[in-house]
Ligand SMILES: C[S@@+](CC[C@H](N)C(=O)[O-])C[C@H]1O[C@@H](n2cnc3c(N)ncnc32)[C@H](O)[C@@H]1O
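Read the single chain below, which is given as structure tokens and is the form predicted alone.
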Amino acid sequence: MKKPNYGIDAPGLVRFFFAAGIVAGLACIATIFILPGQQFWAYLVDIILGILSAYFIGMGCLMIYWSSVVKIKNRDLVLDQIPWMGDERVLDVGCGRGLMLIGAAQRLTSGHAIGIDIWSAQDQSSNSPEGAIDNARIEGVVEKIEVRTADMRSLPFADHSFDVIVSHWAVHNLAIEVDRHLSISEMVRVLKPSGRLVLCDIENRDAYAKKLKALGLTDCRTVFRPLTDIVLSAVSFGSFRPTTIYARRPT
């Protein structure tokens, strides 16, 4: 039976980690034969290169594991926090190959889910509308979803169009803070009164929460695992801190 393929996040960075790890490992081996082994600085170079090799390869493995295993398990944990009725109109902002889009569709009866993306293969491997549709077909929800090409900074929907809006690891791809704030403002604009917004990302948690509150959303709740957060933040020098923010638009 064919399984869905939700891609690897930041594939270019994954390739860099493995390439750097291999280069550092080969350099470590080479120094054993090239540098005089009785000198302290030769041992120091070997140790540094060995640590770098282990770090880079370890980070590459971590990113693959997180993309292929952890984020799929976390999908249900995130979406189960929403009190679904089954008739919701859902928007997935930056849907990629459909991880959250399909998860939301699985919770709908008469509702409908729309995913938008600009389909950047730099952000997710083999990112395409066809990939999302194919995964939806495998998961048995293709009739409940549709995908569109659109920029999260200018959503092509009327005000108050959606009951639930989700976004998973997409907003941080906007390098400029003004653009990130604009995308969040757009999500709030198309969210219905009493609608719920779920924003998952790996950076900028405090800025996101502050922006959502400034836009008038209530019941803002930031969820992360403290121990996991400390470890991942340490090994990634603060650039990888998975967080989910739940918020609701007042009636």
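Remember, it's a predicted structure, so these values are computed and weren't measured experimentally. Numbers follow the displayed sequence, beginning with 1.
The same protein also exists as the form predicted in complex with the ligand; that form is not shown, yet it is the one meant from here on.
Asks: Out of M152, L108, I114, V141, which one falls within 4.5 Å of the ligand in the predicted bound form, going by heavy atoms?
Replies: Answer to the contact question: M152.
Asks: Heavy atoms within 4.5 Å of the ligand in the predicted bound form: which of the stretches 131 to 139, 90 to 98, 156 to 164, 76 to 84 has them?
Replies: Result of the contact check: 90 to 98.
Asks: Suppose contact means a heavy atom within 4.5 Å; in the predicted bound form, does that hold for all of E203, T243 and Y246 with the ligand?
Replies: No, none of E203, T243 and Y246 comes within 4.5 Å of the ligand in the predicted bound form.
Asks: Flag A170 as yes or no: does it have a non-hydrogen atom within 4.5 angstroms of any non-hydrogen atom of the ligand in the predicted bound form?
Replies: Yes - in the predicted bound form, heavy atoms of A170 and the ligand come within 4.5 Å of each other.
Asks: So in the predicted bound form, does any heavy atom of R180 sit within 4.5 Å of the ligand?
Replies: No.
Asks: Can you tell me which bits of 116 to 136 touch the ligand in the predicted bound form, meaning any heavy atom within 4.5 Å?
Replies: Residues within 4.5 Å: I116, D117, I118, W119, S120, D123, Q124, N127.
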